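Given next, in structure tokens, is a single chain: the form predicted alone.
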């Protein structure tokens, strides 16, 4: 992947946020440009060819514009030759608790995408083939975490995919940096954090396997001082 392609994808994905305001656009530029998970999800072919997504704790709905921009660049022939084809985003529904983030998302969403204010602990998930939970499950208590994961499994079509990123509570100082950054970024977004309910990445993996997933863990902290782990979980046949 060349730096020029990286810039074109970033520009295309963040342009819609200009109409959502100065903060929304700069936050989108920073998050999509610096967080390694977004490029990695495309390079690793994490999504099915036709993706119907529910995104839990979606924030500004960044993933909807990221995948839309990727699909357009791929259709135009502007795509790294060693990457899998970009997925076609058939449906996107984001669920976000914080009204400030929902308000920043709404003016920027691509056609057909929806972001709703709601609590992931009880919001209906619908029928999808991808559930995304990036850096949000640790905000809710352990019993609720288990219930959300069970509902995610039940919402998925056969061979569906759960894409989940967590901070690894067993990682020592890099994990402490994760929580510090989490509190700082949440404060900048206009929110306040309470208790965080974190676990070691290996424990998260065991939980998903118990729920019927095949899990592929992957370090997702390249270029950062943090201890993030991506768990790509596919329902067992």
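In this text the structure is predicted, and so the values were computed from the model without any measurement. Residue numbers count along the first chain shown, from 1.
Not on display, but discussed next: the form predicted together with a small molecule.
Partner proximity in the predicted complex, defined as non-hydrogen atoms within 4.5 angstroms of the small molecule, places exactly one of 64-72, 31-39, 44-52, 198-206 at the interface: 31-39. Contact here is defined as any heavy atom lying within 4.5 Å of the small molecule in the predicted complex, and by that definition each of 59, 97 and 120 is a contact residue.
Residue contact check for residue 140: one or more of its heavy atoms lie within 4.5 Å of the small molecule in the predicted complex. Residue 136 belongs to the set of residues with a heavy atom inside 4.5 Å of the small molecule in the predicted complex.
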